[in-house]
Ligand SMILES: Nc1ncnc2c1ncn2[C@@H]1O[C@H](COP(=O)(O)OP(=O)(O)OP(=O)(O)O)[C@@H](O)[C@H]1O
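Take a look at this one chain, the form predicted alone, written out in structure tokens.
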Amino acid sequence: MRLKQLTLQNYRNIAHAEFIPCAELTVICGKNGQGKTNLLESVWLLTGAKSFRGAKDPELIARNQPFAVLDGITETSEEQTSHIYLTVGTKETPRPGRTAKRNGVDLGRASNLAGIFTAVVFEPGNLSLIKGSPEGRRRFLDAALCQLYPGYLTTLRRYTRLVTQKNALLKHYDRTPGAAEMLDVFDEDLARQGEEITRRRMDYMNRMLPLVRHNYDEISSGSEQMELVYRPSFDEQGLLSMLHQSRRADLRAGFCTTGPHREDFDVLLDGQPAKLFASQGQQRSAVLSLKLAEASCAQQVTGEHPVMLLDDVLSELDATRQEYLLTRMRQKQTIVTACDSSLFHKTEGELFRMDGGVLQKL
């Protein structure tokens, strides 16, 4: 999988840009705040996913402009091309939000692009995966699964909507006629959707585990073994049974206290929780192992290695981990942002500079 070219118009601070990356390594250098991450983010949006920075759609549009345009051409290893035309419109435009076309066919919401173009993004926030909140680890799994299995996004959206509706009912339980019966209906649907989400996550982690072990073993020279343990919110009796058992707790709390939206996974090094006992270097090795395993899983499922997007992470890694990461990226399209381009002067590839939203090839 590779990106052949991308044209941007009115995207954040980029009024207009023509980007033709190298087939392997492309480096975008420049000072902070010039638009390097904006360009990387625009490539990510071609996957159909939301911004990896958590930005809302209106924030993607240049100030005082009605819409932004991303016009890209992608290519598979078998040279099958896709012309992806994605627009981000304000509420006042005929097509608000993110909408997309592929090869001239209107797909509606940009999320329907899932599976057409795949990418893996590695950004500084990922380094908190080990010690950060369970929400970040769930988001890591869900982002990967949404790209690989378009149906997963539909299930996740339905489950999230059901949780929101159930929470609203729990807050007004005493003032809602027939609330108990309504909770029964919610719980039955939540159990169906939730069990599918948990099953998908656990299957994905089982696929990732040998890859993660191998990656960490290479990075650490076999100094310790990395393991992943998913902690589901229900046992063999199923999620519906657990939802019934937690109803009193839900009513006291005023929100749904169990389900996939509360699940987490543990990262272990030699059987000990990495978030408690791992050094900073071990944590970064673990995150690097996870992100590279994510890319390998995508290749196993789709037959195409995803485009790697590295947002200023090399400066966060020591020389050994930098070398390992760049070695693994050979013969794969990788787009890197960096403030200091000196790391790449001896590498083969294309070098660009971003200055005030203006992209220039060096």
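Treat the numbers as computed from the prediction; the structure is a model and nothing was measured. Note that residue numbering begins at 1 and tracks the sequence as displayed.
The same protein also has a form predicted in complex with this ligand, omitted here; what follows describes it.
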Inset, instruction - Identify which of 300, 32, 315, 327 has a heavy atom within 4.5 Å of this ligand in the predicted complex; exactly one of them does. - result: 32
Legend entry - The single option of 293, 308, 46, 61 touching this ligand in the predicted complex, heavy atom within 4.5 Å: 61
Inset, instruction - Would you point out which of 24-32, 300-308, 316-324, 66-74 contains residues with a non-hydrogen atom within 4.5 Å of this ligand in the predicted complex? - result: 24-32
Legend entry - Heavy atom of residue 341 within 4.5 Å of this ligand in the predicted complex: no
Inset, instruction - Mark residue 53 yes when one of its heavy atoms lies within 4.5 Å of a heavy atom of this ligand in the predicted complex, and no otherwise. - result: yes
Legend entry - 4.5 angstroms heavy atom contact with this ligand in the predicted complex for residue 334: no
Inset, instruction - Flag residue 37 as yes or no: does it have a non-hydrogen atom within 4.5 angstroms of any non-hydrogen atom of this ligand in the predicted complex? - result: yes
Inset, instruction - Would you give me the residues of 1-24 that have any heavy atom within 4.5 Å of this ligand in the predicted complex, in order from first to last? - result: 12, 13
Inset, instruction - Explain in one word, closer or farther, how the Cα atoms of residue 57 and residue 165 are placed in the predicted complex relative to this form, where the distance changes by 3 Å or more. - result: farther
Legend entry - Distance direction in the predicted complex for the C-alpha atoms of residue 56 and residue 164, relative to the displayed form (3 angstroms or more): farther
